[in-house]
Structures are given as C-alpha cells and as structure tokens.
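In structure tokens, the next block holds one chain alone, the form predicted alone.
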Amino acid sequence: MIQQAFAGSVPLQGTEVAVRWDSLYNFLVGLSIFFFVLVVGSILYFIVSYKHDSKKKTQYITGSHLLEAVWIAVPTLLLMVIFVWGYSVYHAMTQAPSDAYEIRVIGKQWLWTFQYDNGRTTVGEVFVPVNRPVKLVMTSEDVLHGFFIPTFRIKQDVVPGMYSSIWFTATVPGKHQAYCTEYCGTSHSAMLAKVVVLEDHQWKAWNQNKEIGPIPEAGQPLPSKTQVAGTLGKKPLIQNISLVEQGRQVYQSKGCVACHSTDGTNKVGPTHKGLFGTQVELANGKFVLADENYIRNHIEYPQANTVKGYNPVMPTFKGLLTESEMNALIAYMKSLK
C-alpha cells in the first residue's frame, strides 16, 4: 500500500518516531474528546434534570470523600501516563545510536549545506539511506535557524557558535521536505531543503558517483521496471523540459532564490533580472561584462567577484554543480531579460 503525502490532517509517517508521536497525539485528542463530551454532557443533563422549580426544595449535600478521591486520582494517573509516554518518545528521539551515519549540516542565510564522510558536499539536498540511523550534526554561520522535517516529526534549533544534533531512521524512500522554522531574515520562507531517502542500491550508487535515477516525492509510487527499462539511456526529462526550465529548477533547488531575485528586487545579493550582457561594477572598482564566464566564475569564486554595494557572504558552489546544471543555470539567467 502506497502512503500518501498526507494521511488525514497530518503528514505521512516517515520514521518509527513519527508513528510513536502520532500514537501519543491521537491518545491526547481522544482523551480530550472523551472529557469534553463527559463534561458538556453532564452540564446539559443537569440543566434539564435539575431546572428550577419553586415547589421543590433543594436537598442538602454534604459531599463525598470517595468522589473527591476519584477525581483527584484519575487525572493524576492520566497525567503520569502522558508524561511517561511523552518522555519515552522524546528520549528515543534524542539518543542517537552509536553506529548512526553522521552528516554535518551548516545553516546560512538562506540555504542548507551538507557535508559527508566521503568528502562530498551538497546544497539544498541531503542524501540518506533508508532503514539506517542517520545523525545530523548542525551549526549556523550567522543567525539562529531551525531544521524541521514534518514527515519525520523531528525539529532542532541550529545555533551559531555551537553544535546541536538530531537523528532519525527513515523508513519511506523518496524526497521529504525540510523547513527552517526560526525566523532568520528576509528569505526565511525560501530556506528549504529536501531529504532524499535512497534505497540500498541507490545509496551505494550515489556514494560511487553513479546515476541513481529519478527520485519521487515521499509516498508517491516508484517507477515500474517497465518504465525504468523504457527510459534507460533516453533521459526523457532532458528531452521534455527545456534548458531554461531545467535552469529554473536548479535555481530553486540550490537556494539561489533565497538571496537573489528575478524581478528586479535587490535582496542580500543583486537581482539577476537583466544581468546578462551588462557591465557589472565589482567591489574593487573594476567593471566586467556579465557573460557566461562571469556567471560561472561568480558562482564558483564569489568572494573574488563581489558586486559593489553587497557584502561578500555568498558561499562557493564550486564542485556542487554538474556541467549540465551549470549550463542550464546560465541559460536560465540569460533568459531573465
């Protein structure tokens, strides 16, 4: 059975911790509904059964120690159950196994960078194996951020000057959305990332820099063997999507949209609208033509090509883009006339 992106009012359950949190959540909702019906139902019953009647004299009630003991003991017992249950899930969520695969995470206005033990670095996407514990060790280069994966039910603040961590064992392959949940500036809402959960054979191929094929959104069906066989060597996505559209997707996925605009608005970095073919004044006072070489050099060596009036805060993307992605990105920027 294929899980959908949302099950009822909550996201799909991408980890065992998510299942445990949802069980506790459902228990609390059910308990709240039970006592709501009990209290409101009792009120309505008393209103109808004991309405004012001048001919009846109210009976004198002295109270009941047993009843008082019950309504003290029952809520206390329920609160203890909720506390123990919640603590057990919290403890499981915060104590990473000793054999967890460790990935370093750096938050920066307004993108996420991920570093792996094999020396690889990715931006805006973190690749993890399915059914294997993964620990994220996180820090920030500038301000407070928050790393939140709704389908995993985990969230952790990312603080400058110190390390924090979260761990998970992903059980659902595919792409899971991650958000920044601490307001960190103008493009806070654009500080997104994808957690790409790979099957064992895909994880092995990814670590060997081999093609892993298309990855669907979490909960969506994987392509059948017939579909995969029919697309081998044809690369239908490249044929069906223009180079400019591919570049727009790279622009979004690599976080360019967080610091640059395509409508003429200046953000942390200059707008890319109408950039190509113009003379750009650099911080050192020189003017350069914004052609293909300038765009590539600025992406790979941003500190050496800082535009006048802007701070040198852009990280390097050297080695983080394939030649195909670089070509598509330049084609997209050329189209922003």
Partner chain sequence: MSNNSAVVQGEDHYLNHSRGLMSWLGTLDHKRIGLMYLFSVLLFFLMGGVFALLIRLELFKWGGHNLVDANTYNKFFTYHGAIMVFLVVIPAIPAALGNFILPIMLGAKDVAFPRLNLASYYIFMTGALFAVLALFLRGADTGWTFYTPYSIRTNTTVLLVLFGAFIAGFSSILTGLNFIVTIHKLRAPGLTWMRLPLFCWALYATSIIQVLATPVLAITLVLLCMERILQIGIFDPKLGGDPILFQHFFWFYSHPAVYIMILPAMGIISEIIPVFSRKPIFGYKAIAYSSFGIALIAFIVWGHHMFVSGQSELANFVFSLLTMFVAVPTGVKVFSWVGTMYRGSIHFNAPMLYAFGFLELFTMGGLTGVFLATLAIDVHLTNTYFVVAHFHYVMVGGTLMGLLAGLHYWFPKMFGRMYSETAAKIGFWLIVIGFNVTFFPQFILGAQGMPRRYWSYLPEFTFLNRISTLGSGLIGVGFIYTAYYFYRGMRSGAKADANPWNAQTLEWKTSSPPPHENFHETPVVTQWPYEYLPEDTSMPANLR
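We call the rigid core the largest set of C-alpha positions that still match within 1.5 Å between the two forms. Residue numbers count along the first chain shown, from 1. Small disclaimer: the values here were computed from a predicted structure and weren't measured.
Although not depicted, the form predicted in complex with the partner chain is the subject of the following passage.
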{"query": "Joint contact, Leu24, Ser42 and Ile72 to the partner chain in the predicted complex, by non-hydrogen atom at 4.5 Å", "finding": "yes"}
{"query": "Location of the partner chain contact in the predicted complex, chosen stretch of 249-257, 208-216, 160-168, 123-131 [non-hydrogen atom, 4.5 Å]", "finding": "160-168"}
{"query": "Non-hydrogen atom contact Tyr116 with the partner chain in the predicted complex at 4.5 angstroms", "finding": "no"}
{"query": "Partner contact for Tyr310 in the predicted complex: the partner chain, 4.5 angstroms, heavy atom", "finding": "no"}
{"query": "4.5 angstroms heavy atom contact with the partner chain in the predicted complex for Lys51", "finding": "yes"}
{"query": "Leu111, heavy atom within 4.5 angstroms of the partner chain in the predicted complex", "finding": "no"}
{"query": "Option touching the partner chain, based on a heavy atom within 4.5 Å in the predicted complex, out of Ala100, Val143, Val137, Val244", "finding": "Val143"}
{"query": "Residues of 161-190 having any heavy atom within 4.5 Å of the partner chain in the predicted complex, listed in sequence order", "finding": "Gly161, Met162, Gln177, Tyr179, Cys180, Thr181, Glu182, Tyr183, Cys184, Gly185, Thr186, His188, Ser189"}
{"query": "Core-aligned CA displacement of Pro214 at least 2 Å between the shown form and the other one", "finding": "no"}
{"query": "Yes/no, Val74 Cα shift of 2 Å or more between the shown form and the other one with rigid core fixed", "finding": "yes"}
{"query": "Core-aligned C-alpha movement of Leu28 between the shown form and the other one, 2 Å or more", "finding": "no"}
{"query": "Pairwise C-alpha change, Gly107 versus Arg296, in the predicted complex against this form - closer or farther, 3 angstroms or more", "finding": "closer"}
{"query": "Cα-Cα shift for Arg132 and Gly319, closer or farther in the predicted complex, minimum 3 Å", "finding": "farther"}
